[in-house]
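Before any questions on how it binds or moves, here is one chain, the form predicted on its own, in structure tokens.
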């Protein structure tokens, strides 16, 4: 593990050099929110932010992914669209890196997704500690307030400098090529640990239970009256799933040009909260009500993904809480209430 330090002024110059030679994506202030977008100047980068509207996972699993092109003029021919533009993402928060690790388990496990894999291999990750969490985050309760392995460089804002942890060979290469950084000492590393520890007290939302107990309270909470109460208010709009960094569901569609001689197969984001999501060819719907769909979403995040891929599907970012139009999407409320009901019988 290697630690470096760099002044903020020098880091901004380094970002400018990266932009000159690469596709660089970072956090931009776009009132009233923040968004990951392509950077054209270093001045556009904002690292002192609370949350982005969408997670950076949109660069690895885009809202619309072309899969293949096809031609139908006489003889059918198909062209694969696997490939990715190399780039650098700057400013990922710890909970979003945890989410990306879940996507790795889904798309790089036994059945590897070539489209996801291509992007994952050529996009470098420069993350930063979230020392001022926003009001809806409960990452501290989920164990996602600090980064897992899997980054290339990781920054901690120590005031007038950034402490940099180098996490990979790709990160070492970025340092050599772009960063005028010097070696950090034990004092700076201890300062990082103190800043991280202090940040934990700033989270306003928290679970009443350990995240490891979420599957257990879900096991006992299937028939809770809470599901009907929340489901009756649900619009099934899918806002909660569209902003979730761990949602992986998609639909595959074909489209043809007007001349009907060529076309494209692509996949787009889908949502288990949509009414038609669980509708099959016979017209039956396995989750016909808002109650069914809302309960499924929370079971998927708190139990099913853990069973299938070894990781909880919620990283505590809080985006779903903020996005919900009727204030019913909070996993904190749901899991805490089920825990209380389990205790009281």
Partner chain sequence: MINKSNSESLYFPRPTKLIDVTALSEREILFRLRLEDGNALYHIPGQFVEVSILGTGEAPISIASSPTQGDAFELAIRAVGNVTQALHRLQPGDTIGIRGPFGNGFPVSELKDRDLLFIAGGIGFFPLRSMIQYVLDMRPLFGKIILLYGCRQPAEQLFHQELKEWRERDDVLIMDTVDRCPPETEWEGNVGVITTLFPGINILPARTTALVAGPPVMYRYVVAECLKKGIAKERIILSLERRMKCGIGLCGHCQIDNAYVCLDGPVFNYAKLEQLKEVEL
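Positions refer to the first chain, counted from 1. Treat the numbers as computed from the prediction; the structure is a model and nothing was measured.
Here the subject shifts to the form predicted in complex with its partner chain, a form of this protein not shown in this document.
From the list 193 to 201, 89 to 97, 70 to 78, 162 to 170, the contact stretch for its partner chain in the predicted complex under a 4.5 Å heavy atom rule is 70 to 78. Remark: none of the three candidate residues (7, 15 and 60) comes within 4.5 Å of its partner chain in the predicted complex, counting heavy atoms only.
Within 4.5 Å of any heavy atom of its partner chain in the predicted complex lies no heavy atom of residue 48.
Remark: residue 251 counts among the residues lining its partner chain in the predicted complex, judged by a heavy atom distance of 4.5 Å or less. When contacts are judged by a 4.5 Å heavy atom cut-off, residue 287 counts as touching its partner chain in the predicted complex. Interface membership of residue 267, defined by any non-hydrogen atom within 4.5 Å of its partner chain in the predicted complex, is confirmed. Contact residues in stretch 102 to 122 (any heavy atom within 4.5 Å of its partner chain, taken in the predicted complex) are 106, 107, 111, 112, 113, 114, 115, 117.
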